[in-house]
Ligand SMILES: NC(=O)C1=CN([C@@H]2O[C@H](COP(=O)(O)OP(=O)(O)OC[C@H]3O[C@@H](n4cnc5c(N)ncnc54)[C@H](OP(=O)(O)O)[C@@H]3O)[C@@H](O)[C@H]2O)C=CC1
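Just one chain is shown here, as structure tokens, and it is the form predicted on its own.
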Amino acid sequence: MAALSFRLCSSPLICRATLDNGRNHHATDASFIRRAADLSEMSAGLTSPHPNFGCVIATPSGKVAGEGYLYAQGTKPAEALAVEAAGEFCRGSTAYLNMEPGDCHGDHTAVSALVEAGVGRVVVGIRHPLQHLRGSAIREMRSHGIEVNVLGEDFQSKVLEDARKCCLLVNAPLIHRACSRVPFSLLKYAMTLDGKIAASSGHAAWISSKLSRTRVFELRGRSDAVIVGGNTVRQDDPRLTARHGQGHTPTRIVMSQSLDLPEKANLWDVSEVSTIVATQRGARKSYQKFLASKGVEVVEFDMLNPREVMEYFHLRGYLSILWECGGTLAASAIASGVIHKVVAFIAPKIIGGSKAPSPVGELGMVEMTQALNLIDVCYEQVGPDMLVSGFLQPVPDLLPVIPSEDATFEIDPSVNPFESSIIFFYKTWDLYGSFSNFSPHPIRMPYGDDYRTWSSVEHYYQANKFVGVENPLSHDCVEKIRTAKSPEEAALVGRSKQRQQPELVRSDWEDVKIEVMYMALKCKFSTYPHLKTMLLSTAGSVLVEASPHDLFWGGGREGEGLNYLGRLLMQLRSEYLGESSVSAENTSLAV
């Protein structure tokens, strides 16, 4: 636009003013977009596996009227919170979003909040990275007469490109995961100035300062899981908690091919957070039974390598994983191409020792020209230490287009579109994600002599584990679950309490849990007509809840699960189709 104005202007003074206004306009937009990105990062570790959203609403005079960020999936959208904060100042204002809203499956809360508030313009940092959501919210806002500008598409400049980069970085885990089909992996280590992560004896406490260790706790709190190798368990006996940090406590993952692990280890205490051990198929069956008796989950792999393990945890819905392993496993992970970012704390210490371990083992490189260069390198002093971070792989900008069914048929004519298909669903961001019991669709269900509204099917299901038990602690569990800010939090409370205090769970739970789930699903699909329509549209297809680790409600990793959630949905679909047939028959008879 600035170039066009220059050509039409006759006065050099007007030309200069037009260009300056364009630059100022871009600077203002960039500033507010960066603020939206900063806001969205406040929820890191809480929204996973969903995006981080932030929203800033600014008046025409350039003053901030309202802000908001998504606390967790299933809670009020950032846009709605910002609108509430801005109040009457929304009309004619501009809303700045770090990412296009993820409205889908008829849930248009975020867009509706902006439309109903009278927002006149929306500036979007990046489109939604998931293909089935990409562009849908932007089209809807434009259909309501809102001017929508997307950075890098509707206008470009250096300052806007820098702001757009902030939006890419804040959701880098989601973007990498969507593109590479593995979780976003960050390799973290602390080393001395001469490049050692421990002394020759193996002693490693403490290389970095207390301030640096606090930053590590924060990194853990932003991750879904922390992964270490067997060597780290044997030598350091870590806890891998997020104490002193922010966010949630991540799952602990141990990779060990031989299961040569101690019987006493902090990681085997799963009273507050779970531990998963990944190993080679058939390794030490007796030790596997020992771990199972401690409540530790063991997952066997035909080939135990970082790529296979990360592909598995991608299927389990993990978004971001922090690697805190030794040099051998770090080298294997880098060579497998699953490490996306490196964070190194360098302490001003020298320990020496020709046999002292280094942070990355053998990579097979013999010349400096083969060295891996970090991208977007950042330097920061943390107490006496230097923090160096950067990406091994650039953050992808555009996602590949998923071929349609017609395109697939053209590519592979052997595909018969008339055969019954299998529809998988798991996370709420999937194409059929609304089938999940975690989808953010409130339901109103009986509770005692009255009715209560539950934020999701999962809230209602988890709470029912403790209903009717004459124990004040059971009543507390119900209230904690009912007021949980997200389905994930509700599930965490319900599952942990069931595991830690089984006496609080109703005695008939195993007998009634399927019926409880079915009644909640029936209420959900009856309450939301668009969900019922979506369910009916799957007629003739097999529905499979694709959780690889839930062998009761899900289909399991290799189809060995009972898939009760898929079964209940097909049963409900059959009921709806039967009602439609009876209704049609009655109409025909009446005619």
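Owing to the predicted nature of the structure, the values given are computational and were not obtained by experimental measurement. Quick note: we count residues from 1 along the sequence shown, nothing fancier.
One more form of this protein, predicted together with the named molecule, exists but is not displayed; see below.
K.L.:
Answer with open or blocked: the shown chain lacks the ligand, so superimpose the named molecule from its arrangement in the predicted bound form and check for 3 or more ligand atoms within 2.4 Å of backbone or C-beta atoms.
P.N.:
Open, going by where the named molecule lands after superposition on the site C-alphas.
K.L.:
Can residue 190 be called a contact residue for the named molecule in the predicted bound form at 4.5 Å between heavy atoms?
P.N.:
Heavy-atom contact with the named molecule at 4.5 Å: present for residue 190.
K.L.:
Is residue 123 close to the named molecule in the predicted bound form, meaning a heavy atom pair under 4.5 Å apart or at it?
P.N.:
No, residue 123 stays farther than 4.5 Å from the named molecule in the predicted bound form.
K.L.:
Even though the partner isn't displayed, in the predicted bound form is residue 251 close enough to the named molecule, meaning a heavy atom within 4.5 Å?
P.N.:
It does not: once the named molecule is placed as it appears in the predicted bound form, residue 251 has no heavy atom within 4.5 Å of it.
K.L.:
Are any of the heavy atoms in residue 453 no more than 4.5 Å from a heavy atom of the named molecule in the predicted bound form?
P.N.:
No, residue 453 stays farther than 4.5 Å from the named molecule in the predicted bound form.
K.L.:
Of 80, 519, 270, 197, which one comes within 4.5 Å of the named molecule in the predicted bound form, counting heavy atoms only?
P.N.:
Looking at the other structure, the residue within range turns out to be 197.
K.L.:
Considering non-hydrogen atoms and a 4.5 Å limit, which listed residue (493, 204, 346, 86) is close to the named molecule in the predicted bound form?
P.N.:
None of the others qualify; the residue that does is 204.
K.L.:
181 to 189, 135 to 143, 164 to 172, 111 to 119: which one contacts the named molecule in the predicted bound form at 4.5 Å, heavy atom to heavy atom?
P.N.:
Single hit among the candidates: 181 to 189.
K.L.:
Give, in sequence order, every residue of 300 to 322 that has a heavy atom within 4.5 Å of the named molecule in the predicted bound form, or say none if there are no such residues.
P.N.:
Heavy-atom contacts within 4.5 Å come from 304, 305, 306.
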